[in-house]
Structures are given as C-alpha cells and as structure tokens.
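What follows is one chain in structure tokens, specifically the form predicted alone.
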C-alpha cells in the first residue's frame, strides 16, 4: 500500500500555492512534512484528504486514481492540532463513533475499539469522559478514533503542538511503533526539525510552497540538497555567512578564512552554513577562532543558546551547561572547518565537510 503524488499542485488567482509535487508515501513508516508556518504543509494535507481539488497532477492510492473523489468516497482519516472529542461520550463511544456511523456489527465495533485502545494504551480509560483525561490521553483518544476506521491514509496536522513537553515526548516515542503496526499510510506535518528526527522515517521539507527534498530523515538532515532545505531543517536557525572561495580558502566576514572542505570546488561566491550545536565557545582542536560580541543568552536547563554578533553576522551557539555571559561582552566562537556545509552561488549543496554529517 502506498500513496503516489504525480505532479500534484494547486494555484489560486493565477499564482501557485503549492508547486507540483511528485512523491511516493509508503505505509508502515512516518511520512513527515517539515516546514515553517505557511510553507504549504496544510495545503498538501488538504489535497491528500480531498478537501481541495488540485489544479494539476494526479493522486493515486494503491495504483487507483482518486484525484477527483470527494472525502466521503476516500479511505482517509485526519487528526488535528486541537484534539477534538465528543465531551458527553465516553472514551469507548468516542473511538466507536465512526464505526457506528458506518453501521458495523456490534461485535466488530467492540473488537476494533479494544484493539485501538490497546495500541494507544487507553484500555483503562474506556469508561471515562474526555474531561476526566489528561491532554495526552485526549489526543490519544482522537488518534484512536482515526485509526479505528482502518483508513488507507491517516493525516496528522501538528497533532502534538498543543501538548506540554512531557506529553509530546511520550507520544513521539509511541507514534513510530504505532505506524509500524498499522497498515495505513501516515502523513505527519510539523514545524519542528527535532520532531522530524525523533519520528524518523521519511521526511519531505517544504519552503514557500515547494518540496525542496525528500528522503530518510537522517540523510536529509545531514546532507541537505540546498540552502532552503538546510534552513528548514535547522532549529535554532542555520548560521550562515556569505563567502568567497579562492585559492583553497573560504573567506568571509572581516578577514576570516578557513580551508575549503574538499578540493575541486568552483571558485567564486558561496555560502557557509553551520548548525548551532556544531560551534563552540571553548577551544577545539583544528578550529578557527572568531571574535564575537554577546547579544543575549538563553538557558534551557542543561544547555544554553548564546546569540552573538560575528562582525555583521548574527549567529547562535548551542553550548553545554549554564552560560550567562553579559550582553555586550566580548567572546570567541570556535569554528571547525570540518563541520561546515558549503552552498554554491545557486544555493545548491556544493560540499559536505568530513564532520558536517555528525548529527
């Protein structure tokens, strides 16, 4: 079972809202749509659900074209960011609701609800009502109601965004197991790169209505095809520096220079990209020291995000431990050339340094 998008696109008022997308979405693994708000994730989900009709292209389900079919004639279920349950129903009745609408026999309804409750660890709560549950249990109820239909396609639009940190972590661990056990195709939209990596599976990055890259999550993270993908898959934002390659050296800022990561790169304008966790405020062997000025520091527990000005560049370093340098204080950033990504003048990935693939 798989879903195939064949040049699927949507335009409105003569302008493309979603540029043509060609993807295959397999069953049994997360298919993650990753991008910022407004990138086109919800638009793509609506096309997959049949809520909007594409301006071009086709949608095929197990080889059968379903492009023009309305939602009621498709085998599709959806879970939203805001969990939606019937407050006067028990958990059992909430999960069973779509089966009762389909007029399935009572023994089959019972069996399906019990199976969904087992998968989502809701069996002890079937007699409770939604307001007697935690937020995580309420969202699991909404997910169970989508699963119990055994739809060929399950769409999840930022389903964990409104939960607290602990509940998000709990469900992030459970969902990949759930995807593996179900025979459905799951499509999961998120704005968070960390969530895409934790879910694993395949990821499609979106930027300004375009799918910029698709592949295994770890591969796309470590080897972004272009600068747009690297930006989407970096949180905090990717540290960038306009540079020029000449004589085997990448020169940027006020006289800073680092060795090019590999031989044979075309000389000329390029962009260096490096993620926050790959910089250091402490000396590193083989690293280049860059003078900087502290803007602000954010302590997040066992780590700190330190925002700095490096010349006219605004960079951020993820440092271990509690770091509270004063705003305006002088600092030094240590940049290891072996961890840099280099993007050519066209924005495409030109070189991956030896250690840039370290997560």
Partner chain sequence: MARIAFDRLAHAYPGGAGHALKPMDMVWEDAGAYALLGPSGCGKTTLLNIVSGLIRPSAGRVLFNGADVTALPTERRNVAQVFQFPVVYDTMTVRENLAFPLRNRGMPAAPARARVEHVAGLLGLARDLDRRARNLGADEKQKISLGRGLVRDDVAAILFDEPLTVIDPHLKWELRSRLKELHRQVPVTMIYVTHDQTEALTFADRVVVMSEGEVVQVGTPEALFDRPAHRFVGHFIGSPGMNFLSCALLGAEAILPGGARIALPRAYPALGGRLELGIRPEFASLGAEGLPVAVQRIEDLGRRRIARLDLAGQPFAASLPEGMPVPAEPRLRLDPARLHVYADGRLVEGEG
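As the structure is a computational prediction, the values presented were derived from the model and not from experiment. Residue numbers count along the first chain shown, from 1.
If you look for the form predicted together with its partner chain, you will not find it shown, but the lines that follow are about it.
In the predicted complex, its partner chain sits within 4.5 Å of a heavy atom of residue 234. Proximity of residue 166 to its partner chain in the predicted complex: non-hydrogen atoms within 4.5 Å are present. Interface membership of residue 181, defined by any non-hydrogen atom within 4.5 Å of its partner chain in the predicted complex, is ruled out.
Proximity of residue 334 to its partner chain in the predicted complex falls outside the 4.5 Å heavy atom cutoff. With its partner chain omitted here, the record of contacts in the predicted complex names 197-205 of 89-97, 197-205, 146-154, 251-259, defined by a heavy atom within 4.5 Å.
Contact annotation for the candidate site: 37, 303 and 322 all lie close to its partner chain in the predicted complex (heavy atom within 4.5 Å). Between the options 132, 108, 267, 173, the residue in contact with its partner chain in the predicted complex by a heavy atom within 4.5 angstroms is 173.
When its partner chain is considered in the predicted complex, only one residue from 210, 128, 222, 244 comes within 4.5 Å through any heavy atom, namely 222. Contacts to its partner chain in the predicted complex (heavy atom within 4.5 Å) from stretch 49-64: none.
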